[in-house]
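One chain is shown next in structure tokens, namely the form predicted on its own.
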């Protein structure tokens, strides 16, 4: 069965005065329709660039090589007008930075109306300028009420006040909920959620995770999060990224409970450790995406590094249902 979304050996580079930043340095993954895939990794590992490349929004970065195949179309080879028909309608992004993602000059009602217009008529500037008051008033429809009820917003009076509000009048958690509702109103085939639980209180976070969990099987989701519970509750598989590549990928429970790659073990241990209990003595900055070491980029700080780790880049190998890029394992390579 062919995947709905398939990334093959994707390389995305940024030209800087210090040198070329290889933000994605050979990313490969497959996502089946209706599947939920989580992406984990430290800041700077290339997660955000990967998501932006799916929508051709990685500028000023450039896609040097590789492909992003969505529904049998290579997005990297489409014209801008062809990508516009996919962006927001087939693949929707719920960004992490809620403080800048919403337009401060428009009410929530107007911005929800814009999202619904993109869904129904396309996202050109001409279409959006043709929005009339009737279209904007339509943002208070049963459709909007249903989405916000699923997010735990059940009081119609409070919803009416929310729709009339400007982004600066809302808390960070409420802005995050508006962005999630906007993404769901687009009715995409793929929903990309970047840190969907950021700035949410415990109750709202639980409601948002429950809604994302209910979406399993109804649409395809990519969820990037540092929250182990968020990944475990909303995703069926998880991919771990390091230095612009996916180093381990497999079923959520298997990867989180028995990580194979040395970096995966360190990452999961760091996020799940008990306060006050020391972690292994590993001191390092974020991986340098300009001056890559030869071989495996993790080998300089890996406690299990072998001689070939400094010379040969590891291939992907299968260990049960898990794909891992590490010289500790052997067998046939297979994409995530």
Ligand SMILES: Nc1ncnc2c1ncn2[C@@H]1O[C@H](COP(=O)(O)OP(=O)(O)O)[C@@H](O)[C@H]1O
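Numbering follows the first chain given and starts at 1. Computed from a prediction, not measured in an experiment: that's the story for all the values here.
The same protein also has a form predicted in complex with the named molecule, omitted here; what follows describes it.
A heavy atom within 4.5 Å of the named molecule in the predicted bound form is found for one listed residue only; from 107, 204, 233, 96, this is 96.
Between the named molecule and the residues 37, 267, 49, 68, the one pair within 4.5 Å by heavy atoms in the predicted bound form involves 49. The named molecule is not shown here, but in the predicted bound form it comes within 4.5 Å of a heavy atom of residue 289. Looking at residue 23, you'd find a heavy atom of it within 4.5 angstroms of the named molecule in the predicted bound form. The named molecule is not shown here, but in the predicted bound form it comes within 4.5 Å of a heavy atom of residue 16. Shown alone here, residue 27 lies farther than 4.5 Å from the named molecule in the predicted bound form, counting heavy atoms only.
Contacts with the named molecule in the predicted bound form, taken as any heavy atom within 4.5 Å, map within 38 to 76 to 42, 43, 44, 45, 46, 47, 48, 49, 60.
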